[in-house]
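This document starts with one chain, in the form predicted on its own, laid out as structure tokens.
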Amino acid sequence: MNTAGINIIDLDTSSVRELNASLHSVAEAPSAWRVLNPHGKHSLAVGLEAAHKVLIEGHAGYYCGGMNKAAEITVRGQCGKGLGENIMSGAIRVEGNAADAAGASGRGGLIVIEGDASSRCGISMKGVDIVVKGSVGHMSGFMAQAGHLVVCGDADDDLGDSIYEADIYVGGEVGALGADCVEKEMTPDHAEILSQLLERAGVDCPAESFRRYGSARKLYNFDVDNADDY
């Protein structure tokens, strides 16, 4: 159904397969979409290549917005695990909380979580930017290779375990750091990058209140003296 230029799909009467097929069928003509009654269904709005604006009116299940390439997706509710997995570009915003592995393996784009994110947020990041207005669970930033993870609240244990060259910024308290993750200097360049990310995410918070974490670069190559850390 199209109302005032907005395509409306009600998942009480349409299937997830029909929703995604409709979104993919108009890849050459970006348009606005509203998804009603999602009821926590999985794999909503996945693999979108057009710059659609998709508003999901309610809770989403696993892998919402996965492999997103260009769309702007907003979820007015909570999200299950794997939010924005392998996102390439575009933007995803969740107005509630997100479960495990938000932004896993993301290569680009922006993910904003207005609530908390559970464990393993931003694992194996490869260029995505993730801003969490609340706190994150354990092992967030695990093996993060590139990109930025911004946590306005607290971070649980094993933050940045085995991290490569991603940057993690935390505004609150941090539990035990993961292997090879250390606190690093917040240079003016890093503060500027962080300020821009906070502005894009709509977060009114000074960059100076954050601490920066990254790799100590001791696990890049095998060293017998570090064997217990592998």
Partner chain sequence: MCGIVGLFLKNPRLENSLGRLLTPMLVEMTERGPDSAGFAIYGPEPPQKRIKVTLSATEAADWESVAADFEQLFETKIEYFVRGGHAVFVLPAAEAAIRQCIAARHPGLHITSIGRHLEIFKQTGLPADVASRFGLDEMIGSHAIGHTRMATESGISAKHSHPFSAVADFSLVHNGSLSNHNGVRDRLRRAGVIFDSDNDTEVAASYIAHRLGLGRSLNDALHDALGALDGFYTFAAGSADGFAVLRDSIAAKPAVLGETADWVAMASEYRALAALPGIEKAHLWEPKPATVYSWSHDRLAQAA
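Numbering follows the first chain given and starts at 1. On a predicted model such as this, the values are computed, not experimentally measured, just so you know.
Although not depicted, the form predicted together with its partner chain is the subject of the following passage.
With its partner chain omitted here, the record of contacts in the predicted bound form names 74-82 of 74-82, 107-115, 142-150, 87-95, defined by a heavy atom within 4.5 Å. For residue 123, no non-hydrogen atom is located within 4.5 Å of its partner chain in the predicted bound form, even though that partner is not displayed. Residue contact check for residue 34: none of its heavy atoms lie within 4.5 Å of its partner chain in the predicted bound form. Its partner chain in the predicted bound form is approached by residue 42, whose closest heavy atom lies within 4.5 angstroms of it. Proximity of residue 131 to its partner chain in the predicted bound form falls outside the 4.5 Å heavy atom cutoff. With contact defined as any non-hydrogen atom lying within 4.5 angstroms of its partner chain in the predicted bound form, the contacting residues in 96-110 are 97, 99, 100, given in sequence order.
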